[in-house]
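Take a look at this single chain, the form predicted on its own, given in structure tokens.
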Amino acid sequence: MKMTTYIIRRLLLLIPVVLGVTAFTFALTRANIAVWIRSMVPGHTSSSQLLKQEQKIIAIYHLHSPVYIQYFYYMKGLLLGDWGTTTSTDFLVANRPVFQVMQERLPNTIELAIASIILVVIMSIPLGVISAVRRDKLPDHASRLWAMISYSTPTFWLGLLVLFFVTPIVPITSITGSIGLQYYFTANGSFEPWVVHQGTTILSTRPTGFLLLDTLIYGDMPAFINGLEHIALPALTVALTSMGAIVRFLRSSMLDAMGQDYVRTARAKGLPQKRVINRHVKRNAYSATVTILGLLLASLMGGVVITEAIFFWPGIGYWLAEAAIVNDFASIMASVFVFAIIIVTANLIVDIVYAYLDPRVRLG
């Protein structure tokens, strides 16, 4: 099967998955429609205006129409970016477009996931290699023990320990950059974008929305360093609880590669052990590990809710946790939809990369 045909087939298989996710999020609102309607009514609405507001919501979302008509308008809203408005919480402003809030917070979650996966690679790859090369020796036993501890440690528990014992040493403060750029972190997780003051004009200076990338674009190294300080603790927490699976998988892949005929042939030719490991064993073991890292990145994108809530990191996870408390269905549905799209897209990319590295996959 050609690579193009394989990619087209994988893309077609994503359609029922995405439709299933949208149907699930749609069913969430209809499971208890009275609570959903009430959640969209402004909190300051008087009892005399309550019925009018509810009737207005029923008309807007076509709730008197059949379910399939409601689903049609729901899908239309998703495609056009009409995802509803937020409900007020202690940290969120009410009646803001959900799509706009998603645009602000998604880069922060992506940045945290990427920082976490970088730390996972830095810490897990050497441990996995050492564990395989020094099989059944002290480094191997130590690496396997650490991998088991990492794999079984709950993220929320480790996050709370880091929060209690490390955060007092690295306080969460607001910062001001060296060239007039400003970015604020507060104790409750709220944040404000950079601004540049030119006389009485205030210009927004967040071209990408990614904190660390924007600081580099504007050459604001104090802000970049401060951003690293803020992202370090949540990223380290996620990495420490995620690296165990990579260490174990890489060790197994390398041991499997070391038992193959081509490795025994290379050793029989008198090649040095280091060259055999680097040119033959690692190359084959890494191809499978890249697949697992891609899937791990996707899971981190959708699984940092607890971590963001603990460290007040202003991403989708923290927003989702707050939205769940106040029954903000619009925000919950949007978050579930975006997480699902991210995961299925990451799976597609991983499948394509793995099929490119191993053509046998395309023949299945």
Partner chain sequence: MTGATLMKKSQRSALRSILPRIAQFRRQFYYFKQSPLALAGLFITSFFVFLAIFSPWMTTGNPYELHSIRRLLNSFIPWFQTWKYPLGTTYFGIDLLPAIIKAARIDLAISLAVVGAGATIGILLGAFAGYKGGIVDDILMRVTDIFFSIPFIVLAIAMIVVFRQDFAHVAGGVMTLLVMSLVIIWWPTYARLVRGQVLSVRELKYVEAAKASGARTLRIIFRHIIPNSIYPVFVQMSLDVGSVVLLLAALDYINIGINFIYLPEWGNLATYFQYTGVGITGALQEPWTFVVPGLAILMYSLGLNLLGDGLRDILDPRMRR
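It should be emphasised that the depicted structure is a prediction, and the values quoted were computed from it without experimental measurement. Numbering follows the first chain given and starts at 1.
The same protein also has a form predicted together with the partner chain, omitted here; what follows describes it.
Just one of Q55, S65, N32, Q49 comes within 4.5 Å of the partner chain in the predicted complex, counting any heavy atom, and that one is N32.
Of the stretches 152 to 160, 267 to 275, 209 to 217, 116 to 124, only 152 to 160 has residues with a heavy atom within 4.5 Å of the partner chain in the predicted complex. Taking the partner from the other structure, the partner chain in the predicted complex has no heavy atom within 4.5 Å of any heavy atom of Y262. Under a 4.5 angstroms non-hydrogen atom cutoff, the partner chain in the predicted complex has A309 among its neighbouring residues. The closest non-hydrogen atom of I332 lies within 4.5 Å of the partner chain in the predicted complex. Within this chain, L28 lines the site of the partner chain in the predicted complex, having a heavy atom no more than 4.5 Å away. Along 331 to 352, residues I332, M333, V336, F339, A340, I343, V344 each place a heavy atom within 4.5 Å of the partner chain in the predicted complex.
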